[in-house]
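Single chain ahead, written as structure tokens, the form predicted on its own.
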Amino acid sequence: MYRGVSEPERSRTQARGFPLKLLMTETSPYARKCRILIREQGLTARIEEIEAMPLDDPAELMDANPLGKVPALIRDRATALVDSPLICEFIDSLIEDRWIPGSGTARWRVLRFQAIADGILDLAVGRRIEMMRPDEKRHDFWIERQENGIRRSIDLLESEADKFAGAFDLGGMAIAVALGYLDFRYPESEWRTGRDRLSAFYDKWSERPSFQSTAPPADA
């Protein structure tokens, strides 16, 4: 699977082989973070994206990540990396123009916002799993807790939008991915209502080619 790679570049890449392979699915928001960063950092010729459906237990994924989750990054003659924050940190280390500051207050700001965004994703994914259960096995208590956590978190992001809306870095990108996942799997959250600054921030991200090319399939 080659995305965002020109034909001449693709031919050169196929001839020499990819040194890095990202195991992913098009619907995983965690993998989407890595895929956006690959594009933003101009690394599509160095990192191959391979569809690996976790529920099928593909051997390559199980070998790379015994947790059976995507994303996983396979490295030539090195141990595989798992978990999107770690993979994003590695991807960002390949380029001098960093999306994750190396130290200081700026680094902790970016990583804090990534952690909040990933927490929203965790809650949204958990809610989706619970909603897919048969009615008699669904736990409304957990659904309510997950929805409340999502609401509180996006309220916090609305109140702190001035801290991430003006720059393109991993923290802001992770937030945009989380909001996109709410549109995809939890549209009834209506997260835009009463959150004008967050809506404007998301609209700006939605214009970026990296964000558009990694959007999950509408029919998934």
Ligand SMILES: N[C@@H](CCC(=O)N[C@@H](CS)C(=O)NCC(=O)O)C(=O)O
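The structure presented is a predicted model; accordingly, all values stated were derived computationally and were not measured. All residue numbers refer to positions in the sequence shown, first residue = 1.
Heads up, the form predicted in complex with the ligand isn't pictured, but that's what we're talking about next.
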| item | value |
| --- | --- |
| Which of 162 to 170, 147 to 155, 52 to 60, 182 to 190 sits within 4.5 Å of the ligand in the predicted complex, heavy atom basis | 52 to 60 |
| In the predicted complex, Gly126 touching the ligand (heavy atom, 4.5 Å) | no |
| The ligand contact at Lys69 in the predicted complex, heavy atom, 4.5 Å | yes |
| Partner contact for Glu89 in the predicted complex: the ligand, 4.5 angstroms, heavy atom | no |
| Partner contact for Asp83 in the predicted complex: the ligand, 4.5 angstroms, heavy atom | yes |
